[in-house]
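Below sits a lone chain in structure tokens, taken as the form predicted on its own.
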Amino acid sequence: MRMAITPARRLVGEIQVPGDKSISHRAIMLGSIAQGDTYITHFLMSEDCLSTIRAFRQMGVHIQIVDSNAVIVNGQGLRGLKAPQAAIDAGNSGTTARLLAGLLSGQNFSSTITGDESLRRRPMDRVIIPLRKMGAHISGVQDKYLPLSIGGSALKGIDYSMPMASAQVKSCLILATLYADSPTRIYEPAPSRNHTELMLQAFGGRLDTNDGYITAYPADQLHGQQVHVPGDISSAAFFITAGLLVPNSNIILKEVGLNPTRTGILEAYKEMGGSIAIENVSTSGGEKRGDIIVNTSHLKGTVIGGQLIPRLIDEIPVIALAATQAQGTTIIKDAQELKVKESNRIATVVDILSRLGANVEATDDGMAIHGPTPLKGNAVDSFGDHRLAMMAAIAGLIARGETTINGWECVNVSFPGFYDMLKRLQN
């Protein structure tokens, strides 16, 4: 599918972006292994999150989709999952595959996890290695890729120092430890998103965090909860960027998640001179949320790297776009992880922005963007990567002429309705 984007004169209005993808995944997972029902509101009905629902339905969990963003999970208890009759297909969702690998390692049945062509190219050894240390019977293609074969086994707690900060690896080990015979102590070199830690404690699980160390404990039982999912800041990022770049714009994004492990983009944009304000802050289930107000701004280049990277890793494509309009050079570094996302996001971001006339070059661990440069509409490819498709759409709003994006359908992975919301702000 191809999408055509033309320049916008201004963007004005108030919107509410869909629910947070990371939190939606985890609410289904923990709700499924809890005792009693879990009620989830503002759930993200995207392809990735629906993959997680299908996975747990395969294991005997009754999950009812009530309306466009509400779900009821009839929890089966910690030991209540049933052996799936076929391989679990995680689709394009790395979160589904990696977190399930941990959860399934402690079951009393065997299972297989597979995924689409893109996901089968993404590395799974980062969870295979520590899970084996815990005693899991797990193997993959070349010991690195999906499909993963997992045999139910008795797990033990371990001490594990993660080579790089990764919320998916950390969450995988925390879920596996629920079924282990002793605690697991995890060291992360930089803070990564902590949605699993917050939600597990809300469901009755036990965790200790101290100075980069997370101690996860086995559980006897979890208990169903009411979960209201905040807006996804990774989805809001596209509208925040559009508000900064499109002339004469003023956008209010309602009830966006403001978890400190996810707000790196706000800090980066403020450092670049972006006009961003936050109002109506509240907390629910340990998750902070608030309204984000964005106005057109003159940006300046900056350096983005170090411990900030895990806190904005998914937003780097659209930050790179913003940097094309900033005065001076923006350096993005320490972001090797971009190479193993849905696409090699260093190479693909550089490809798209270069086709639109940007002055950008790839580096081993990121990119250098020289600005400001006027953008010119062109035909670009999404590379099957939802975040690249949406980045290109925002670029089309400020490019001269028409920008066409091939492979637009991948946007449904995280943000069905993105285009309609974008059009609404132009009226």
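For every residue, the number given is its place in the sequence shown, counted from 1. Predicted, not measured: the structure shown is a model, and the values here were computed from it.
Below, we turn to the form predicted in complex with shikimate-3-phosphate, even though it does not appear here.
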query: Interface stretch in the model of the complex with shikimate-3-phosphate - options 158-166, 288-296, 218-226, 247-255, non-hydrogen atom within 4.5 Å; finding: 158-166
query: Contacting member of 118, 95, 76, 263, with respect to shikimate-3-phosphate in the model of the complex [4.5 Å, heavy atom]; finding: 95
query: The single option of 207, 198, 178, 313 touching shikimate-3-phosphate in the model of the complex, heavy atom within 4.5 Å; finding: 313
query: Heavy atom of residue 22 within 4.5 Å of shikimate-3-phosphate in the model of the complex; finding: yes
query: Exercise: residue 355 in contact with shikimate-3-phosphate in the model of the complex, heavy atom 4.5 Å; finding: no
query: Contacts with shikimate-3-phosphate in the model of the complex, stretch 126-157 (heavy atom within 4.5 Å); finding: 126
